[in-house]
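Okay, so here's just one chain, in structure tokens, the form predicted on its own.
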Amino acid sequence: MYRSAKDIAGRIHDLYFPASHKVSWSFDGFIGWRPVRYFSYGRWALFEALQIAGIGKNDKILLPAFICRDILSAINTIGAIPVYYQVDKHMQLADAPDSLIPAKAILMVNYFGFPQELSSFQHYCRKTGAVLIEDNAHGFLSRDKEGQALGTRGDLGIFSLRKTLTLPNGAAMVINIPDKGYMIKRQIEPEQKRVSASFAAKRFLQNTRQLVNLRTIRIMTSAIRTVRKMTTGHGIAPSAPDVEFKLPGNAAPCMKLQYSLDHLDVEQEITRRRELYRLLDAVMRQNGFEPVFATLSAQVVPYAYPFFVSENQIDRAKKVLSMINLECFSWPELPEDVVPIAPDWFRNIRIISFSW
């Protein structure tokens, strides 16, 4: 279909700059009219979920070792104890559920928008009475093979909506099992928040998509990182030293979250992300890079394109992606306790984002 890198780059540009349409949609309907509360970040949504589930000081919480360290801020603020379980290279539970220690709650993660297999976690929760929290920060709009929306399969679900919508912040916590008697708090009033200069510039460029392209953005981004490195020593700013212990700013969502949800062109976003994934999958496989997921199932809406790349092949991967005006990033920034024991493949995953 696309004969050259130039053709592929042209199509990718179109997918990164989709035309906007006036539509009407309902997040409440998408989650089956379950109780929901909105927050600024997924970490606040998780904090609320832990409180609702009755998690307290010194309670153990199981979570995967392959996880971004900032999520620990919710757990540490509660005073609970994180205990790690292992996932395999296919992003599925590596440990037998019966081998896991008893815990008050277990966090199940839908990595990069692909569904985590559910039955092992359900078995563990039946055996131990643990609360199942579904971390669906990456999986908004994705469904599993039974057609159930990710984020609605555990006792409680967490969404990081800002990873799909062009917003400075936005997250949600959903109660999926109302008959457990969970008491949901009153919705925090949204706030008009000051946005960063980088976000304001991004929003301006998206509103003037006729004047820019991915190559221009890549050049601008590179220039900004060069200046930042000269002034701070870091091209890409690292997380704060206390990110594992301190929740970010205010829990209130931004004013535009509900409007953005109500007017999301869902079909366009699903089609856009799936086509981007297929295009990038073809490019990266042709150049010898292994995807994290072997197939793209029918109802998966990918958050990004994840692939494996060894340290000595990173420069080649960057060169391949520069031909289509894209770049890759390392994910996740592992918890400090995990870094010394992490297998090599934890560090060999890079992602190509579907947003910029």
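One-based numbering along the sequence shown. Computed from a prediction, not measured in an experiment: that's the story for all the values here.
What comes next is about the form predicted in complex with a small molecule, which does not appear here.
Across the proposed site, 13, 277 and 326 without exception lack any heavy atom within 4.5 Å of the small molecule in the model of the complex.
In the model of the complex, at least one heavy atom of residue 42 sits within 4.5 Å of the small molecule.
Residue contact with the small molecule in the model of the complex: residue 61 places no heavy atom within 4.5 Å of it.
At a distance threshold of 4.5 angstroms between non-hydrogen atoms, residue 296 is out of contact with the small molecule in the model of the complex. In the model of the complex, none of the heavy atoms of residue 65 sits within 4.5 Å of a heavy atom of the small molecule. Among 167, 71, 93, 149, the residue placing a heavy atom within 4.5 Å of the small molecule in the model of the complex is 71. A single residue from the set 162, 153, 104, 273 has any heavy atom within 4.5 angstroms of the small molecule in the model of the complex; that residue is 162. Of the candidate stretches 93-101, 80-88, 134-142, 280-288, only 134-142 has residues whose heavy atoms lie within 4.5 Å of the small molecule in the model of the complex.
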